[in-house]
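Presented below, as structure tokens, is a lone chain in the form predicted alone.
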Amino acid sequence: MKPGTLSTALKSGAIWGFIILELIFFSVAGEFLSLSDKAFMDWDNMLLLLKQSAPIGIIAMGMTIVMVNGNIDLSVGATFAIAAIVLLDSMTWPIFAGLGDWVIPVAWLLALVVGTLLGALNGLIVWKTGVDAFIVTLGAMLGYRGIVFMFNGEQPTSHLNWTLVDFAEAELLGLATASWFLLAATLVIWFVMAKTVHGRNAYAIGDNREAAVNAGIRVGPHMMINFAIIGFLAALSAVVFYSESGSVNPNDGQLYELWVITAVVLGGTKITGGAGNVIGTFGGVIAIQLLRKGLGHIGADTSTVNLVIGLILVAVLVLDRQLNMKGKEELKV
């Protein structure tokens, strides 16, 4: 079997098999340790899991197209925090005092515009300077997080609008508002990647950037659009989440880069670009959230959860490298 065929075969259903193994393991472990009288995953818990997956999942959809493109964005957590501050603080601005509840769509729009602009700025710098996206967005992560702390020191930014809370806590067909936004983001990015020229170009650029340039694809503007997309989705994640919570701390969104990248890679997207899909990413998001919930179910603390996620990311990257080594008929073990 050729390496590419083996890679495709293993990746196609691996994430869903991993999710089933998680369900079995944590269900058995919970019963064995007698830590809870409740089942690890019943229907209500599954719906809650989907809702809790939304903040990371919405951003992960944007990270998928960026990574398929051959890039990465480490600034999504800081962008998430900035958008949340803009959302909550703008609703208290005197200029909007007479709008009543109409301030809600205005605040949403402002937060989404800010997130999109921050993402586009990252893309513009990558395009015009030729500096690797890892370095650019690492700098952006530090810079954007600095803006968060400059805005309000170490104090939280809070504003609770009960109309907004009612919207965020509403359910339609049994699914919470946040879950619907996650499903909508998944569907839209799937359509972009699978059915549009922009999506096909993303794969072409990630697979071979020089060949894409020779084929007439405008690589720079294309990458800038994808960074704007992930900035928009980071802001969308923030407005969905903070519409309900009403308070953002300066450190909110930290480690989101780890969660998002792990979910995307676990879902089968190559970190070097050229391969991946949002359905796999959706599975990766569910797997990560299930792992966090399962480890909590058996009594693991936060540091243990982070350690396990980090080890999984390293393991998946090593396996991905082995599966995609050209000219090899067997895996190195």
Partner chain sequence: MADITRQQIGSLLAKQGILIAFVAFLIGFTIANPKFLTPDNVLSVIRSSAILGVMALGVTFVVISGNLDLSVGSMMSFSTIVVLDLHDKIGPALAIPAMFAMTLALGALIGFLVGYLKLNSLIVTLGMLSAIHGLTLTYSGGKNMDIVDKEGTWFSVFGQGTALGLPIPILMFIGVAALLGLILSRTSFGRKVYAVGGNGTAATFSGIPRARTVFMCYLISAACVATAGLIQASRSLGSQNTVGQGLELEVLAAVILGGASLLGGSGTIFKTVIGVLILGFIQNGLLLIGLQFYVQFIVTWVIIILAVWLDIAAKRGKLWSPIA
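Positions refer to the first chain, counted from 1. As the structure is a prediction and not an experimental result, all values here were calculated from the model.
Here the subject shifts to the form predicted together with its partner chain, a form of this protein not shown in this document.
The stretch from 179-187, 133-141, 108-116, 90-98 that comes within 4.5 Å of its partner chain in the model of the complex, counting heavy atoms only, is 133-141.
Interface residue among Val240, Val103, Met223, Ile229, judged by heavy atoms within 4.5 Å of its partner chain in the model of the complex: Met223. Contact check for Ser27, Met61 and Leu236: none of the three has a heavy atom within 4.5 Å of its partner chain in the model of the complex. Using a 4.5 angstroms limit between non-hydrogen atoms, Leu313 touches its partner chain in the model of the complex. Contact check for Gly146: a non-hydrogen atom falls within 4.5 Å of its partner chain in the model of the complex. Its partner chain is not shown here, and in the model of the complex it never comes within 4.5 Å of any heavy atom of Ile15. Not displayed here, its partner chain is approached by Ile125 to within 4.5 Å at the level of heavy atoms in the model of the complex. Scanning 70-89 for heavy atoms within 4.5 Å of its partner chain in the model of the complex gives no residues at all.
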